[in-house]
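The chain below stands alone, shown as structure tokens; this is the form predicted on its own.
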Amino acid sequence: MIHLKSLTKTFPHPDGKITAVDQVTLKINTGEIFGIIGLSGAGKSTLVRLINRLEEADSGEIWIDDTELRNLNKLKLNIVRKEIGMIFQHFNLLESRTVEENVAFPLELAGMKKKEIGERVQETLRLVGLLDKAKVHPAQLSGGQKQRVAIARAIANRPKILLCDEATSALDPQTTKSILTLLKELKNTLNLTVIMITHEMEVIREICERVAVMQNGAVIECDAVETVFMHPKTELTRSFVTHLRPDRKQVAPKDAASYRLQLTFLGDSIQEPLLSRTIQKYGVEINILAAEINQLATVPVGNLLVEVSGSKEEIEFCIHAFHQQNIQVEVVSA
């Protein structure tokens, strides 16, 4: 649905131009939740603003379906923009307007009739769970409620695409989870294609199907979320993924005959008695030091930090057996 081709954006600087987006090429499928993650200054927010031409690219192409946006004049661009909603970290609500008036604002700009606006606003507030807050002003709302208003405003025109620029960064973890759940529900209800800009791997894990990792304006890695979690290809991605794994410093090896292993596995293998089978087959002792199972948007992923004791040969056979069962093994210490 969205195809970015060699997209580049620079900004002037006293020492010369700064390249904020560097030759980015991405394909985003219809109906998926696509994540773009990177550290501050990676270029991800600039990239998402290029998609709806809030920023103008220096070069490259922006395709939505069969339309190349950089070739459009202002009138045609405004028509396409009605199909692209956007939400931000700081909500950007109109404080002088009530909740329902905030949601009505883009419909007024679109020239919708007053009766139709009223019906659409009611329907949209029902979708985001704020029908009872229609008459209040933003100052009377919590952060999570404000973001729900911002989401309602963004989807009021029933767009095909929803751009989310750090939409949960200002929220506490519990509120973040509720907003992500809402976005997943809206994606299914309204057949949205969602692009999530974030610096938090927890958000990618919770909601995204595929993810692109940005660094210094370029995409350095792009794949299915479970693939990135299991097989990160770059140091930056490994740092994001490692942050979500169990603490490796809990217990030190008891002796030279012990190995500490980080095991990562996906999907159905979580339900298998892998450790007990390994103990029976290879005669090793396995002590679980830390464990957790996280639900990715597509599949569950398990992380185990274990201490394996036995002869070097037994432990090497054990590691080989884990690999054969598609379990990622990292030797933490020996």
Partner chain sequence: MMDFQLFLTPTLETLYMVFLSTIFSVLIGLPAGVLLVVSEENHVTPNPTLHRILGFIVNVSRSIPFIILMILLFPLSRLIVGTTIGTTATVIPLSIAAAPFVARVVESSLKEVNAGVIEACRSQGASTMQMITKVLLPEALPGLVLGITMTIINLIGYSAMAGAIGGGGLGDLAIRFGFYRYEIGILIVAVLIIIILVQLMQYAGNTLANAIYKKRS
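None of these values were measured; they are calculated from a predicted model. Numbering follows the first chain given and starts at 1.
What follows is about the form predicted together with the partner chain, which we do not show.
Of the candidate stretches 201 to 209, 96 to 104, 188 to 196, 216 to 224, only 96 to 104 contains residues with a heavy atom within 4.5 Å of the partner chain in the model of the complex. Contact annotation: of the candidates 122, 234, 71, 78, the single residue with a non-hydrogen atom within 4.5 angstroms of the partner chain in the model of the complex is 78.
For the candidate set 183, 263, 86, 130, a heavy atom within 4.5 Å of the partner chain in the model of the complex is found for exactly one residue, namely 86. Although the partner is absent here, residue 108 is a contact residue: one of its heavy atoms lies within 4.5 angstroms of the partner chain in the model of the complex. In the model of the complex, the partner chain lies within 4.5 Å of some heavy atom of residue 82. Proximity of residue 92 to the partner chain in the model of the complex: non-hydrogen atoms within 4.5 Å are present. When the partner chain is considered in the model of the complex, residue 160 lies well away from it, no heavy atom lying within 4.5 Å. Along 145 to 184, a single residue, 153, places a heavy atom within 4.5 Å of the partner chain in the model of the complex.
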